[in-house]
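A lone chain, given as structure tokens: the form predicted on its own.
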Amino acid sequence: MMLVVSVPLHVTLADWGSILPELVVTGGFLVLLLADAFIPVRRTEVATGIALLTILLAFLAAMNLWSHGMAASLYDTVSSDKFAVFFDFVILVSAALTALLSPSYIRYSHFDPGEFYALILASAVGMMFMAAAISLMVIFIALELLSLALYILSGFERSRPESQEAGFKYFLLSSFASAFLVYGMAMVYGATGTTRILQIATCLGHGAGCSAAASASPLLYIGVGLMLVGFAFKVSIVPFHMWTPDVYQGAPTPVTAFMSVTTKAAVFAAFIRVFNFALAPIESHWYGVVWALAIVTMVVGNIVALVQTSMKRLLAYSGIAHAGYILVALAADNALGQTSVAFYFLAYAFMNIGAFVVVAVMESQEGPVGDEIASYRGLFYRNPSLAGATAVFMFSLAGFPLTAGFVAKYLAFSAAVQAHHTDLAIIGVLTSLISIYYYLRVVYVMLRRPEVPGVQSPPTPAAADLAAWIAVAGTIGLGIIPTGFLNLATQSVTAIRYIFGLP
């Protein structure tokens, strides 16, 4: 005899409205697949246009949610609070810059444009859901969605063995990280009896809704450790970073540009919800590990970057170092630290994707050798505008004043000082000083006289040129007049802290 249980589901229009940006991007993904099948001519231009239109519509939907978002929806599994929406902005801006830099690279590499952009949008949907998730299970499902698309994108350049290696390596190692994460979540559920972040915070903070012994359960602390490993892998924290340089170098450059910012942004958004809020009552048990990981990540990322000759590998180790700086802000575990994480990713989207725009242009003009730093020799004389943009991005990544990178680092280290973790701030400043050498080395190479005088580079493709100058404007604008965007980041953090009952 079979017992059938009917479970009524009550999903309102408000629930659907709370995930409207994700629904818009999902719709664009489906339209791209159809367009790719039925539009035989000018496929790259059409696919790029559809992708950009989708991103614009999703951005408008996110702007509407900024004022009318819900703290919790869909049975308390996702939130459209301002914190989630702010990270939606970061992900969508990054996707738009990626779409602009991609057409010339698609033609150079003979990609299928519909499939390429569809996978970019599919990954963006997973990232947006991860930033909005207030359930451990939604975090995991969103992480798998974004990862599956990135596995394929990393190996998308089928004619290059390096791309195939990148896709396989990312898939294999990421699968282990996902296993750590899901086992950790299962153990936290076993200790607290819930996967909802708000209820975990209530359980551990007040002992309400769960066993009084939950906060002392060995399952809880094993689960926290496993989740930390899973998150650390996804954001390239040392010693879980070994996949990053190989995948960044082997993957198609637009894919590397996109994943270098958005994956970190989505995972750090979830990291903050889980560790800074749900697990805040037991901070004393995990802070020491995060402190150590932040230090070793900043040190290793910057020191190994000193000897790189490939631009993509240099930016990979630069990204590892920046993950360490962001971890410093997260470890501060205060409002300023969380605000600085949000602002950091907005700044990082412009300066890091801008740097990869330059790499993509160089590769499309000079082939695989365009990734070598030596190929930048004389770029100032061959293509002054591209060299000027590159210099802006290098100065910002190094943290020079009047750039977005300076403001982002200043906020992160100030948060650490405010939380009485001055040691982290000092180490962060010292390692940032190390980074000046390898960033300025790129500028020095560009300023050297070319080996063959008088040779001019081909003109930069219009879309890539637009992406580069949008990135320059964002990098300089956030450095000179950061107040408005910093206020948005502050509002986003105030909203999430209010949800968890914090001032």
Partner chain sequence: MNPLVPGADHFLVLSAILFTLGVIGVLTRRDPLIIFMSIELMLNSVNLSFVTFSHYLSSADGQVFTFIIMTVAAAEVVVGLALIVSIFQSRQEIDVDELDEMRG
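Source: prediction; values computed, not measured. Residue numbers count along the first chain shown, from 1.
Unshown form predicted together with its partner chain; subsequent notes refer to it.
Within 4.5 Å of its partner chain in the predicted complex, a heavy atom is found for all three of 136, 152 and 193. Among 384, 207, 401, 161, the residue placing a heavy atom within 4.5 Å of its partner chain in the predicted complex is 161. Taking a 4.5 Å heavy atom cutoff to its partner chain in the predicted complex, the contact residue among 430, 219, 374, 289 is 219. Heavy atoms within 4.5 Å of its partner chain in the predicted complex are found in exactly one of 275-283, 348-356, 334-342, 165-173, that being 165-173. In the predicted complex, its partner chain lies farther than 4.5 Å from every heavy atom of residue 214. In the predicted complex, its partner chain stays beyond 4.5 Å of every heavy atom belonging to residue 303. When contacts are judged by a 4.5 Å heavy atom cut-off, residue 426 does not count as touching its partner chain in the predicted complex. In the predicted complex, its partner chain sits within 4.5 Å of a heavy atom of residue 249. The partner is not shown here, and in the predicted complex the stretch 397-417 never reaches within 4.5 angstroms of its partner chain through any heavy atom.
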